[in-house]
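One chain is shown next in structure tokens, namely the form predicted alone.
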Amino acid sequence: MTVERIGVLGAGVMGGAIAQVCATVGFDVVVYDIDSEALVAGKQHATTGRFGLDSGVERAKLTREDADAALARITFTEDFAAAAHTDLVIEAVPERLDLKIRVFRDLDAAAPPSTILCSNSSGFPIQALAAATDRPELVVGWHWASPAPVMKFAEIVRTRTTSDATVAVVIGAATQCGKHPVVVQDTPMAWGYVANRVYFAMVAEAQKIVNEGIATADDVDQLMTDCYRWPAGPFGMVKGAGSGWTAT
């Protein structure tokens, strides 16, 4: 299967950025949201945001012509069917399991039988989403990291029923997007797959250190960035993931 057209459900910070990345590498993208204002904000994020297309031009990461072409490949719409009628759909709605299950049920009914359904969940069991569909072999997790245009992260989460062909297609799409896809197993009994399980263990230990008065949060961040060359310390990561990344 060749992916040419990608649907993105949710025009928030992640949805807009995912659409931007996919369009930049040549995919036609349809971004859906129920909120017209969210669609406007998603387009602005993809164009004039901190890591948007305009910033890419300013940093000489792409030409003005390439940026304009990428934006032209993105359609922002309130038409759910338009986003569902694509080769691969990436769900990026708010992190609520009940909402995601409902979205996957609706997607399964609206999308062509061959469409692959991906979730950008940060840790909910993909198996639960697959069970809401009649195509569990075509359901997979594609967990992105923020900011999506910068981070090479691509955690591909497969269930017991995800087919090898589905995994191969998503790996190919992630690679085309310039990411480093790593396939992991779904973890229905623990939240977070791999990256977030390790991340939250780190944050918990960092908070324990602060609570014990051993060091301040800023001290911990500085020590970890200096020692391990992380781009941000544990508390800086929490702030960036929650409120967005700013220029340094």
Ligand SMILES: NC(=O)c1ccc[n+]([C@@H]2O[C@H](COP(=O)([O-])OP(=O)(O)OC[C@H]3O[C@@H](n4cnc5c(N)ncnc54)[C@H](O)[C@@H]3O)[C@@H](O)[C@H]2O)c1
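All residue numbers are counted from 1 along the displayed sequence. These numbers come from a predicted model, not from an experiment.
We do not show the form predicted in complex with the ligand, though everything after this point is about it.
Problem set entry | Partner-contacting position among S146, T175, T75, S163 - heavy atom within 4.5 Å of the ligand in the model of the complex | After the contact test, the surviving option is S146.
Problem set entry | Proximity to the ligand in the model of the complex, single hit among A131, L99, A82, V167 (heavy atom within 4.5 Å) | Exactly one residue meets the criterion: L99.
Exercise. For the chain seen here without its partner, which of 167-175, 131-139, 67-75, 113-121 has a heavy atom within 4.5 Å of the ligand in the model of the complex?
Worked result: Going through the listed ranges, the match is 113-121.
Exercise. Does the 4.5 Å heavy atom contact test between G233 and the ligand in the model of the complex come out positive?
Worked result: Output for G233 is no: heavy atoms all beyond 4.5 Å of the ligand.
For this session: State yes or no: in the model of the complex, is some non-hydrogen atom of A92 no more than 4.5 angstroms from a non-hydrogen atom of the ligand?
Result: Contact with the ligand, yes.
Exercise. Is A11 a contact residue for the ligand in the model of the complex, using a 4.5 Å heavy atom cut-off?
Worked result: So A11 counts as contacting the ligand.
Problem set entry | I34: touches the ligand in the model of the complex, heavy atom cutoff 4.5 angstroms | Answer yes; at least one heavy atom of I34 falls within 4.5 Å of the ligand in the model of the complex.
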